[in-house]
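There is one chain below, alone, in structure tokens, taken in the form predicted on its own.
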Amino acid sequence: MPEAARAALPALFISDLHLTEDEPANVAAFLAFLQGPAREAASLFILGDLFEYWAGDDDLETPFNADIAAAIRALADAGTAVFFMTGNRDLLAGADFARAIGATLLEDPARVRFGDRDDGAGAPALLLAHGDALCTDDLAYQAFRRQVRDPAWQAGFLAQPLAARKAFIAGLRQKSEAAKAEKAMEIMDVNADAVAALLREHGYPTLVHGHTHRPDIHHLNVDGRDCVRRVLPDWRGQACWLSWDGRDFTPESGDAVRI
């Protein structure tokens, strides 16, 4: 299977920080992570929902967003390779944002190989995703996802003034919270058949994703193949990340960030 990128080890994986200036403890924990553990890694993968919302790359001029971007760029400039994948909250982050933070922008999903050998030996490739595309039981969400990821819809939306986009997103966030309160928890998790299809398509790799806020290790058998699905934690309560040395995954955590 073609690879989206090649990266060095050790690698760290994070997702679902939902950064906002309304929660300064969460921001402080992220900045401490960038200045501490992330500096010891060769690669950092941010797998979506870094921000609570992202209205477009022209919002980089907002001081809060500019400060976060500068902090990530400082990590990249210090030698840690940064990779970024959009989630459902920051799906409008694009090439300008990736350049601002010094990151490689990954498609969702992305198959990434680790190490510098061309013969496929050494550390196996991982399949990385945000995770929302796998929640196929939530039909209303998937219809919305198709709409907002359509290039024509995005072009029309981004043509609107920034203030109008932010107001629209604020309304969507309120509706989303109300809708989630009425949905069964099961339909907001991944669908087993969707996971199996994705693993089959990409050669049965280990899958790492976020989105569901249900951190766990799932051992699967797909077509007689042993597969692993690792779900990243969100940062609601504590800064958390996953470290990988090419052989073993290690969950790690930092400062408490919020209740």
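None of these values were measured; they are calculated from a predicted model. Quick note: we count residues from 1 along the sequence shown, nothing fancier.
Absent from the display: the form predicted together with a small molecule. The rest refers to it.
Q: Tell me, which of Leu92, Leu75, Ala125, Leu105 has a heavy atom within 4.5 angstroms of the small molecule in the predicted bound form?
A: Selected option: Leu92.
Q: Non-hydrogen atoms within 4.5 angstroms of the small molecule in the predicted bound form: do Asn191, Glu201 and Arg230 all have one?
A: The answer is no: none of the three residues contacts the partner (heavy atom, 4.5 Å cut-off).
Q: At 4.5 Å between heavy atoms, only one of the stretches 64 to 72, 216 to 224, 49 to 57, 192 to 200 reaches the small molecule in the predicted bound form; which one is it?
A: Checking each option against the 4.5 Å cut-off leaves 49 to 57.
Q: Does any heavy atom of Tyr141 come within 4.5 Å of a heavy atom of the small molecule in the predicted bound form?
A: Looking in the predicted bound form, residue contacts with the small molecule include Tyr141, since a heavy atom lies within 4.5 Å.
Q: Though only this chain appears here, would Arg173 touch the small molecule in the predicted bound form if you measure heavy atom gaps against 4.5 Å?
A: Taking the distances in the predicted bound form, the answer for Arg173 is yes, it comes within 4.5 Å of the small molecule.
Q: Going by a heavy atom distance of 4.5 Å, is Ile169 a contact of the small molecule in the predicted bound form?
A: Heavy-atom contact with the small molecule at 4.5 Å: present for Ile169.
Q: Flag Val148 as yes or no: does it have a non-hydrogen atom within 4.5 angstroms of any non-hydrogen atom of the small molecule in the predicted bound form?
A: Yes.
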